[in-house]
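This document starts with one chain, in the form predicted alone, laid out as structure tokens.
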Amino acid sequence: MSVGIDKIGFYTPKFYIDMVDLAHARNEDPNKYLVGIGQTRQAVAPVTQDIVTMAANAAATFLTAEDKQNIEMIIFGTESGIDNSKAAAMYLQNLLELSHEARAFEIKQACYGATAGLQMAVDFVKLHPEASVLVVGADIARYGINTPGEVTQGAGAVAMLVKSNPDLVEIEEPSTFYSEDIMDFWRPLYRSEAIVDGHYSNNMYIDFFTKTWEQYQQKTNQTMNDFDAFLFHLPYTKMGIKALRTILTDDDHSQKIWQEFEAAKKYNAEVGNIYTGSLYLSLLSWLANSTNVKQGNHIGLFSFGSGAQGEFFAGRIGPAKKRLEIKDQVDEMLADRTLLSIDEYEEIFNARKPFESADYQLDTSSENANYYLLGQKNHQLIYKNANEK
């Protein structure tokens, strides 16, 4: 029995900035961002969108009434938690009206959380073939105005339905993983913006990729030539290029792998860093934008979460009957976004959700998503489902 990703959905907020505009505002050469970092646009989340609402909006793109009844587990990967105790999965379960006969919990390990959730979901479905699991990676990447990491901010959510006999991707065994306690990136409880040692983190990303890829080759006796595409966690798209350079040569197959990577990074370059969802946005981008996707394709996936955890695993493409419908949905979403000036972006960035006990009500007059945050009352976050009468 095969198990893996049967459906996938994506959501990003309706605002974005252009990297050329940001470069000019920061007195930088635009090519530093466009080429050196590999980003063209960056999603900007209004205060009415958080990880819960983005996750709900992503999952709502594909969930049917039957799907909702069959979901027996809800796994929420994030490093942008909204509560020190209650899992974001509980809010998501309520907003999406999912079955209450389900396990629901949150996973945190930097950008690795959704991969941990996916592997747990696969194991669960292997034991319960009739069940489905909803796995979500949702985050808002924040480094601060006019900081070195500003160009790698972003916001969005990827939701995946894990089932037996999946339409999109069968997750294969084995996977290989490596973990080590390092301080390359972290976010203390007293900060909303991350602390990062950029050069060190980049080096660790490459190191963990090399270790897990070598372990995988030793376990499976497979080489690069056994794969049709390599997909990466992309905090910024140049990071994936740096990793690929460690394994590719100038032969014909390497050129094909480079071509597939171009398709896989398209959406990430338009959205920016979404932490736990980043690898799966790249997967979605490849499925939507490659002209070479066909049933049976063998793909390698590298997941990395600072602090740090790395994992390399493989998948086999299924019929993928609805992948072009997914492309249409995402392309339309990205095309419908509103371009912000840098002044407007900074105003939104600084108008973050209050971290205080007082009640507040947000201005939702311009919100057009199905799910959004209304405010806080009696220390409780209040969410809105626009479809409710």
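Since this is a predicted model, take the numbers as computed values, not measurements. All residue numbers refer to positions in the sequence shown, first residue = 1.
There is also a form predicted together with a small molecule; it is not shown, and the following applies to it.
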Original post:
So in the model of the complex, are 119, 162 and 319 all sitting within 4.5 Å of the small molecule, heavy atoms only?
Top reply: no
Original post:
Which one of 205, 312, 230, 267 is close to the small molecule in the model of the complex, taking close to mean a heavy atom within 4.5 Å?
Top reply: 205
**OP:** Report the residue, out of 175, 80, 201, 297, that has at least one non-hydrogen atom within 4.5 angstroms of the small molecule in the model of the complex.
**Re:** 201
Subject >> Close approach of residue 148 to the small molecule in the model of the complex, 4.5 Å, heavy atom >> reply: yes
**OP:** Consider residue 304 of the chain shown here, and say whether it contacts the small molecule in the model of the complex, taking contact as heavy atoms within 4.5 Å.
**Re:** yes
Subject >> is_contact(residue 166, the small molecule) in the model of the complex, heavy atom dist at most 4.5 Å >> reply: no
Subject >> Heavy atom of residue 31 within 4.5 Å of the small molecule in the model of the complex >> reply: yes
Subject >> Segment that reaches the small molecule in the model of the complex - one of 91 to 99, 69 to 77, 230 to 238, 281 to 289, heavy atoms within 4.5 Å >> reply: 230 to 238
